[in-house]
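Form predicted alone, single chain, as C-alpha cells, below.
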C-alpha cells in the first residue's frame, strides 16, 4: 500500500474552479464574470503599452543579469513603492520610520507581514464580513485566531459602519485589523473619509494594528493619490504604526510576475533595522528571494517621470473603462425594469460589483444561461463589454424575476 493512498481531497478553489468550467463550456455566448483580471473592450487581458516598451529596453540592457536579488528586494523598487503609497513628502519616509520589503505580490506581502506579527506575539486578527477569499485562509495558516467585523449591510446594500465600529470597539487590544485600502473586494464599497477617521480613532483608542491590503490603487477613483488617502491619513494624521500589503498585479497588469511589497511603519526609526533583519529571515524561510524581472519593470517606470506619467495614463484608462461598464450595466438593468434597487452598482467602486444575487440565482445563471458568477453574487465589471452588456443584463433580469432563494444553498 502506498504511503499516501488515504490522503484527503481538498474542495476546489471557487474562482479557479468556475474559470475551468467556463473554459470547458462550448456555448458561444458564455461570459466569465468571476476572476479578477482587467479586460479590454474585446475581453482580452493585454500587457500595458508602457510595460512592453520597458521590456524591450531591458532586453537590450546587457548590465541586467539573472543574479539573485537580496532577500528583501530591489532597493530602487522598494524606495519608489514607499513614495507611491505614502506620498513623495511623507514624514514617515523623511524620518526613516517606514520601509518597504519586496514580496511575491500582495498575497506574499500579507503572508510575510502576518508571519512577522505572529512571531512578535500577536495572535488575534479581524477581517471584514465579507472579505477576499484568501484572507481568512492565510491568517489561519499562520496561526491567527480569525474573527470578523461587520461590513456589508445586505438589506440596505451599503457599508454597515455602525456595526463595523462596534466590532472594533469590542476587539481585544493589539488585535490585527485587516483593512481594504480602496475598492473593497468583494463589495466594491469603501468608507467615506469621515468614516475612515472614525475607524482610525477606534483603532487608536483600542490599540489595534491596522494592516491595509492595497490591491487596486488607481482602480477606485482613477487617482493613485486619492486611492491611498486612508493609508496616508492613518500614517501621517493619526500617526498609527501600521502595515500595508500592495499588489501590482492589477494596476500594472503584471498578474503572473508576482510583484508586490510590504510596508512596515513604526513609531521609532530604531525599529526599522530590527524589522529588516526579521523580514530577511522570514523571506529566507518562505521563498528565499523575490523575482527580479517585474521589480525592474516597476522600478524603471516609477523612477522615470515620463514613463510614470505614461503608466498613470494607462491606469486612468483602465479605470475609465471599468467606470463606464459599471454605468452601462446599471442602465441596462434599469431599462429592463429589473426588480429591486440597483443604485449600489454605481455607488460601488473598483473592479467588482456586489450584485446582491443569492446563491440559487447565481447557480441558475451559470447552469442555464452560461453566465459564470461567484456564489456570493460578486462580478468582475471588466468582463462586461458594449457587445455583451444587453445579453448579460437580460439574463440577470430573467433570473432575478423568476428564481427565488433556496435555503439549502
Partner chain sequence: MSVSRTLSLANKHQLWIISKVSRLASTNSWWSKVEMGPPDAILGVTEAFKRDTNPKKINLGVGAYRTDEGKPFVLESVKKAEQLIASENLDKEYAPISGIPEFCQANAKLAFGDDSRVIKDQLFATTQGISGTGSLRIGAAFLAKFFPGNKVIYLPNPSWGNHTPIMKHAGLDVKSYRYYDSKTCGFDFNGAKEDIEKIPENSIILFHACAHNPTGVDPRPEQWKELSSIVKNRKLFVFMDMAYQGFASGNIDDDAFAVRKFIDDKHNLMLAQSYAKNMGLYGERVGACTVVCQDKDEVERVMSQIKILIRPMYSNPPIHGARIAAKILNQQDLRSIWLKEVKQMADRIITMRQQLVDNLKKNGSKKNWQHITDQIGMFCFTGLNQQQSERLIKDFSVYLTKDGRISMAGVTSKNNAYLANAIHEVTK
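Quick caveat, the model's predicted, so the values are computed rather than measured. Numbering follows the first chain given and starts at 1.
Although it is not shown, the form predicted in complex with its partner chain is what the next lines describe.
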Exercise for the section: Tell me whether 186, 194 and 356, taken together, all sit within 4.5 Å of its partner chain in the model of the complex, counting heavy atoms only. Expected result: no
Practice task
Have a look at 167, 160, 241, 310 for me and say which one sits with a heavy atom within 4.5 Å of its partner chain in the model of the complex.
Solution key: 241
Exercise for the section: Please pick, from 205, 226, 331, 137, the one residue with any non-hydrogen atom lying within 4.5 angstroms of its partner chain in the model of the complex. Expected result: 137
Handout entry: Candidate stretches 262-270, 123-131, 150-158, 311-319 - the one whose heavy atoms come within 4.5 Å of its partner chain in the model of the complex
Key = 262-270
Practice task
Report yes if any heavy atom of residue 21 sits within 4.5 Å of a heavy atom of its partner chain in the model of the complex; otherwise report no.
Solution key: no
Practice task
Tell me, yes or no, whether residue 89 is in contact with its partner chain in the model of the complex, where a contact means a heavy atom of each within 4.5 Å.
Solution key: no
Practice task
Indicate whether its partner chain has at least one heavy atom within 4.5 Å of a heavy atom of residue 5 in the model of the complex.
Solution key: yes
Problem - Touches its partner chain in the model of the complex: residue 254 (any heavy atom, 4.5 Å) - result: yes
Handout entry: Stretch 72-109 - residues with a heavy atom within 4.5 Å of its partner chain in the model of the complex
Key = 104, 107, 108
